[in-house]
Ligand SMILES: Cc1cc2nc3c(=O)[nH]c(=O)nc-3n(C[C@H](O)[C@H](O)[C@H](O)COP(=O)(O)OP(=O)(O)OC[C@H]3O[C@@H](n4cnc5c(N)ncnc54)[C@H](O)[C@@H]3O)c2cc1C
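Have a look below at one chain only, the form predicted alone, in structure tokens format.
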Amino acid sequence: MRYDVLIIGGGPAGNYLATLLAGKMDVAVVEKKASFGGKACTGIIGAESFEKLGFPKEAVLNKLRGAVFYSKIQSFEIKRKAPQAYVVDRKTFERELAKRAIKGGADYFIGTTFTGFRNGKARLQHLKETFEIEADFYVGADSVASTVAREIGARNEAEFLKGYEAEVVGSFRRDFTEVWVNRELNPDFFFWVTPVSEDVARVGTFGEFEAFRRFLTERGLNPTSIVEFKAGSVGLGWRKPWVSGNVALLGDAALQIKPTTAGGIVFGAVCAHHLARAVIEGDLGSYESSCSAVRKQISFGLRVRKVFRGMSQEGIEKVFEVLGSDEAREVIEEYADFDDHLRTFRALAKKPRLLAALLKISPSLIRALL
């Protein structure tokens, strides 16, 4: 079999790229799972990005118009009248994108594993059958643990963390997500409580499982009220290169992931547009450089994460005091974008009093902001 493009990985990035190319080129998608979804994913996507990228509305489970941030001893709230983010069902999200691609002419090989390249062809296995597909271009969109990345010899300059998320039954404020920052409970990452409905929320963190377990108790949630539990891994940093010959990496396989929140759906989709253009033009050389905006966001997020890792809980409390002030909350509520943290921080840095207060707490934080 032969195609113009073979996309290895039928997650959000791979399926989204397939929708962009289907009908313009002969496209095939290989997905090792027998069905879509299944990965640990909170599924929060900024409303502005969701609409701009044309994501499937059928996948929306809930709309968020604000967030409550908790430290060990204090809290503050950011809110808007209109929804600023959507919570999606990952299975429906991937399935609807795949349906679009198939209707556009893409072929899907479900339950099929990519095992490597041989003589310029992709070797695949479905049940006990082994076969090959040849393509002009290959795209690895096969998760953080990318087999395609390993095949092209991509190097990692990244921090890899284990993540845990559960859907828990309780009582929640449906249109507000919760962000908990307590380094005494978890020095590696923050905790989140994101409602799917009034009585179910996705609760999770990255780091040690014991931290996740302790947080459930701290938040007053019952471990025996969990109706779904998932674990997974994330890579925060760089995977180089994104392109080797006629092979490109996309989405989590390229570590196109926000280091501040570990979300990757939007970054993967944005880069899919650039990759689709490069593929259609027949030259992958422009792909990586054309993703400069995403690369800038990743670089910024890594600087912020470095500051967080070096900050004590006492320092975090001081940052909360500044960000919880009326002036800071007004700036955040006006400029905040769930998928563009750089814009939010730059807006904060333009306020002299806020800048001076943050500088007093941590000069390294200001260097990251600027």
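Note that the coordinates shown come from a computational prediction; the quantities given were computed from them, not determined experimentally. Sequential numbering from 1, following the sequence displayed.
The form predicted together with the named molecule exists for this protein as well; it is not shown, and the discussion that follows is about that form.
Visitor: How about P259 - does it come within 4.5 Å of the named molecule in the predicted bound form, if we only consider non-hydrogen atoms?
Guide: Residue-level check for P259: no, no contact with the named molecule.
Visitor: Does any part of V234 reach within 4.5 Å of the named molecule in the predicted bound form? Heavy atoms only, please.
Guide: Result yes; V234 sits at the interface with the named molecule in the predicted bound form.
Visitor: Using a 4.5 angstroms cut-off on non-hydrogen atoms, would S71 count as touching the named molecule in the predicted bound form?
Guide: S71 lies outside the contact set for the named molecule.
Visitor: Should A141 be counted as a contact of the named molecule in the predicted bound form, where contact means heavy atoms within 4.5 Å?
Guide: Flag for A141 set to yes.
Visitor: Heavy atoms, 4.5 Å, the named molecule in the predicted bound form: which of 309 to 317, 29 to 37, 326 to 334, 59 to 67 makes the cut? Say which one.
Guide: Partner-contacting stretch among the options: 29 to 37.
Visitor: Work out which of C271, A201, A248, I265 lies within 4.5 Å of the named molecule in the predicted bound form, going by heavy atoms.
Guide: Flagged contact: I265.
Visitor: Heavy atom within 4.5 Å of the named molecule in the predicted bound form: which of F172, Y287, F206, W180 fits that? Just give me the one.
Guide: Exactly one residue meets the criterion: F206.
Visitor: So which bits of 288 to 305 sit within 4.5 Å of the named molecule in the predicted bound form, heavy atoms only?
Guide: Nothing in this stretch is in contact.
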